[in-house]
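First, one chain by itself in structure tokens, the form predicted alone.
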Amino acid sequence: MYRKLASLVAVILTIAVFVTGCGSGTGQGKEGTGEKPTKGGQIVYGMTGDPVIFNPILATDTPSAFINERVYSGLVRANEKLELIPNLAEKWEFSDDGLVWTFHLKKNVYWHDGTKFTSADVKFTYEAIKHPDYTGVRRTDFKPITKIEAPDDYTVKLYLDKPYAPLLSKLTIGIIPKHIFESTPIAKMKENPANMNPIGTGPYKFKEWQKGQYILLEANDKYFEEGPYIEKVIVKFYQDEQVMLAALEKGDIDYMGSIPADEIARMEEKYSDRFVFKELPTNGYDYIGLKQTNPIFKDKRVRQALMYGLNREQIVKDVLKGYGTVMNANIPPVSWAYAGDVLNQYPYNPEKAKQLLEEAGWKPGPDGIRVKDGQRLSFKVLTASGNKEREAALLIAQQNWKEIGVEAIPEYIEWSVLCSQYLDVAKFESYLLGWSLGLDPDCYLFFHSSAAVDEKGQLVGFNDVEFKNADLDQLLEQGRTEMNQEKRKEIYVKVQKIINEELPYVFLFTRNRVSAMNKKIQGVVWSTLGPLFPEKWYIKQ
């Protein structure tokens, strides 16, 4: 699975092999033929993990985000060119100094229960995120906002303490209904029943959830924009990718966001008449997060040894069948801020890895696993069950590291349990997952010291590995306030150099996903974020 920065989704996790696709920026359908969309029918998706919570300001996983993106709406969203366009907001402007942003809201928007949507809902959502008792991970995204005003029902004003370049990309996050959540203390928002039976303004209404089996969404006939044309959205759950692939072949599902790499050629040859196959590099990467407070990982030489001691090219070649690129830092090649070859490439070099471990004081033990001060160089690597590619990558890592005297113990955990009991509470030694990123290279939420665990023991952002570096903090702060893109790129190249040197993660790869969409689904717009604008899709009659 992938974790997802849902506040950047129009952004956003693929966790997901099933909801994030690849492809060109062209629509799937008949262009210039005069064919008009028709209402009716259903689309069936496959997933390998149950959602965790249907609340966009609390969710951190892709299955939840997939549902939230259809049930809720944000002020803005992304198009296929990765431009931010109006959603709940019809237009906006900002002051010359960049410190006051004014959003004008659409007037024909209703919540799924019939209540009128107003600026009070936007104000409530953003203030909930900024509240001291907020238990989610997005407070730092809204930290530069000092005041939120709703002068009338259709105007929202955001006041900032300094210019904030990524602001608009943060406002893709879904707005939640004030009239449903205002009676619940912010500290107890996760306990509100609406988290499991959501009410939004999006194109689809939540209808039913049979855990482990399926989720049913139905078209919102009062949606404020075009569509939705497809009447029902069904999400079916499968134990792993192979079972889901079999369901795709059988015709039980219409869309699979990532075909297993070793099945791509066969699927394209056998089913070109049934499916549209799309391939594009994804805006994300897989990695192994290393808990920086763990004594084993505190020494940078150990972290670097793990990079040198892992044959990542083999993983791309054998596991991804070449559908990917080795990563050496946190910004992938699809981003304008990508640092490229200026980074240390960490080629596979077991002897270099052994040398670093020796320098760090780790000596071979009687069973071949290195020992220092009576402690074995052994740790657990958690990952979500059901992802065969990740399991294969982890087995390669386990074997490679064993050869340099490191014991990595894989542990496969059901996705919702992995999130709630380990990742969201930052309790682990290491884990293998992936990030599906947003539109802006801002990575404050992942690596700034303030986005780690606070004095209460609560994870404040996505910095669950608790990486802290003063120089990096300063650069991340500068990156948020610099409005010139070329100067921002210089900042983020420096960011990548520090992360490439310090290695809070063992970086693995960014993959090319090949998605399959049933040809009966028309009107699809593809991008590196996956297939967009589901409300405009329709079933070919």
Partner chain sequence: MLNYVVRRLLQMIPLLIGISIINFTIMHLAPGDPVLLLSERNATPEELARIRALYGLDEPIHVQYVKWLGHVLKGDFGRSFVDGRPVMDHILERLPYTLYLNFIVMIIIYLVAIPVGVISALRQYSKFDHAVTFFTFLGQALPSFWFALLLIYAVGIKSNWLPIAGVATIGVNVKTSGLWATILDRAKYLILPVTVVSLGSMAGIARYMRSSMLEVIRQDYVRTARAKGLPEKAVIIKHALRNALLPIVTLLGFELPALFSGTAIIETIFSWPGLGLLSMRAIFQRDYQIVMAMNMIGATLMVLGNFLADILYVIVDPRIKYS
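Since the structure is predicted, the reported quantities are computational estimates derived from the model, not experimental observations. Positions refer to the first chain, counted from 1.
Omitted here: the form predicted together with its partner chain. The next part is about that form.
Taking non-hydrogen atoms only, Ala470 never approaches its partner chain to within 4.5 angstroms in the predicted bound form.
At a distance threshold of 4.5 angstroms between non-hydrogen atoms, Gln213 is in contact with its partner chain in the predicted bound form. Mapping the unseen interface onto this chain, Arg139 counts among the residues with a heavy atom inside 4.5 Å of its partner chain in the predicted bound form. The shortest heavy atom separation between Asp367 and its partner chain in the predicted bound form exceeds 4.5 Å. Distance criterion of 4.5 Å from any heavy atom to its partner chain in the predicted bound form singles out Lys143 from the list Lys372, Lys298, Lys143, Lys352. Of the listed positions (Lys236, Lys222, Lys207, His104), a single one reaches within 4.5 angstroms of its partner chain by any non-hydrogen atom in the predicted bound form, namely Lys236. The stretch among 126 to 134, 154 to 162, 278 to 286, 335 to 343 whose residues place heavy atoms within 4.5 Å of its partner chain in the predicted bound form is 126 to 134. Although its partner chain is not shown here, in the predicted bound form the stretch 455 to 483 places heavy atoms of Gln458, Leu459, Val460, Gly461, Phe462, Asp464 within 4.5 Å of it, in sequence order.
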